[in-house]
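Taking the form predicted alone, here's one chain by itself in structure tokens.
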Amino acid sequence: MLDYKLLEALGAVVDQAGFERGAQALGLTQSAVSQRIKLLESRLGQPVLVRAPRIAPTELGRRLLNHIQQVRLLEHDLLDYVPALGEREHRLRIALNADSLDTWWCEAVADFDTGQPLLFDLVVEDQETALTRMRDGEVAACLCATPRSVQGARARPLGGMRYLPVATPGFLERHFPGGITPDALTEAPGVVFGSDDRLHQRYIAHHGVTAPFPHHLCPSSEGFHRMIRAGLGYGLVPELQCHDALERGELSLLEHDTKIVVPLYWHYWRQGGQVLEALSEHLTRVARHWLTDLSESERHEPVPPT
């Protein structure tokens, strides 16, 4: 049988990205946590962590983290019947993209009420890579751009986020005096969220540009928007975030007939308990107020969970 104190130590080390911080989260010494991990590996006969170049779970470690994540969620469902199990406070760890967090997410969950305390532990991750957090057992749910779920999880389509190519009027006059041309797109500085952000490449590829282009890197949704408003570059901004600036004339569209829609799917553990299931139902119902319906070309048929 699994010793859940040992699994708790594994979860803390991965969640906190280190033995020292993991020990602090558990209120234990670093030595005690290290001994628990060693004992777990000894009992299982194989490693559960890769120590270098950074702390990461092995394949077995990921399976164990997925297991303990779901056990925690299910245990919370028992509190109404067995109060002695622990605190009623419930914490959900969720990975989501910065643009969703800065636009619609908070309003969407503001009126979600389970009748008991619920806290969110949010991990900001690009929509293209958030699913790796679930695969590694680090989160109970995530928002990502793919319908393919990991083993033991479900995926629900929520809708799409529309992104518009925008810049300040002055930037357009300086860098695109002849309109949107391949040459201008390879010379004008863009603003890109991070190395995993492929939106900009998708946009310029639409115009036949595949060559490298000058760009700023800004891993902050608000900072990204501010750099564009300051005239430092052009970029793809959620329509929800730039609508007012376009209305006031602070920003202008590079072109009116091009929009990029990023599909968003909500992934969550099938055995994640009543609160996670209720949150999933809630998001599926209310997300349409902020997200656009996906066309058949934008919405791939979801792959059934394995």
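All residue numbers are counted from 1 along the displayed sequence. C-alpha atoms forming the largest set that superposes within 1.5 Å between two forms make up the rigid core. Just so you know, these numbers come straight off a predicted model, no measurement behind them.
From this point on, the text means the form predicted in complex with another copy of the chain, which you will not see here.
Engineer: Check whether Ser195 has any heavy atom within 4.5 Å of a heavy atom of another copy of the chain in the predicted bound form, and answer yes or no.
Structural biologist: Output for Ser195 is yes: heavy atoms within 4.5 Å of another copy of the chain.
Engineer: Can Arg54 be called a contact residue for another copy of the chain in the predicted bound form at 4.5 Å between heavy atoms?
Structural biologist: Contact check for Arg54: yes, within 4.5 Å of another copy of the chain in the predicted bound form.
Engineer: At 4.5 Å between heavy atoms, is Gly178 in contact with another copy of the chain in the predicted bound form?
Structural biologist: Looking in the predicted bound form, residue contacts with another copy of the chain do not include Gly178, since no heavy atom lies within 4.5 Å.
Engineer: Would Glu75 count as touching another copy of the chain in the predicted bound form under a 4.5 Å heavy atom rule?
Structural biologist: It does not: once another copy of the chain is placed as it appears in the predicted bound form, Glu75 has no heavy atom within 4.5 Å of it.
Engineer: Counting only non-hydrogen atoms, choose the one of 224 to 232, 139 to 147, 67 to 75, 164 to 172 that falls within 4.5 Å of another copy of the chain in the predicted bound form.
Structural biologist: Careful reading of the contacts points to 224 to 232.
Engineer: Whether Arg91, Glu107 and Pro212 jointly form a contact site for another copy of the chain in the predicted bound form is the question; each needs a heavy atom within 4.5 Å.
Structural biologist: Judged in the predicted bound form, Arg91, Glu107 and Pro212 all sit within 4.5 Å of another copy of the chain.
Engineer: Taking only heavy atoms into account, state which residues of 18 to 32 are within 4.5 Å of another copy of the chain in the predicted bound form, ordered by sequence.
Structural biologist: The stretch 18 to 32, when checked against another copy of the chain in the predicted bound form, contributes Arg21, Gln24, Ala25 at the 4.5 Å heavy-atom cut-off.
Engineer: Is Thr284 one of the residues whose C-alpha moves 2 Å or more between the shown form and the other one after the core fit?
Structural biologist: No; that C-alpha moves by less than 2 Å between the shown form and the other one.
Engineer: Comparing between the shown form and the other one on the rigid core, is the C-alpha shift at Thr129 2 Å or larger?
Structural biologist: Indeed, Thr129 is displaced by 2 Å or more.
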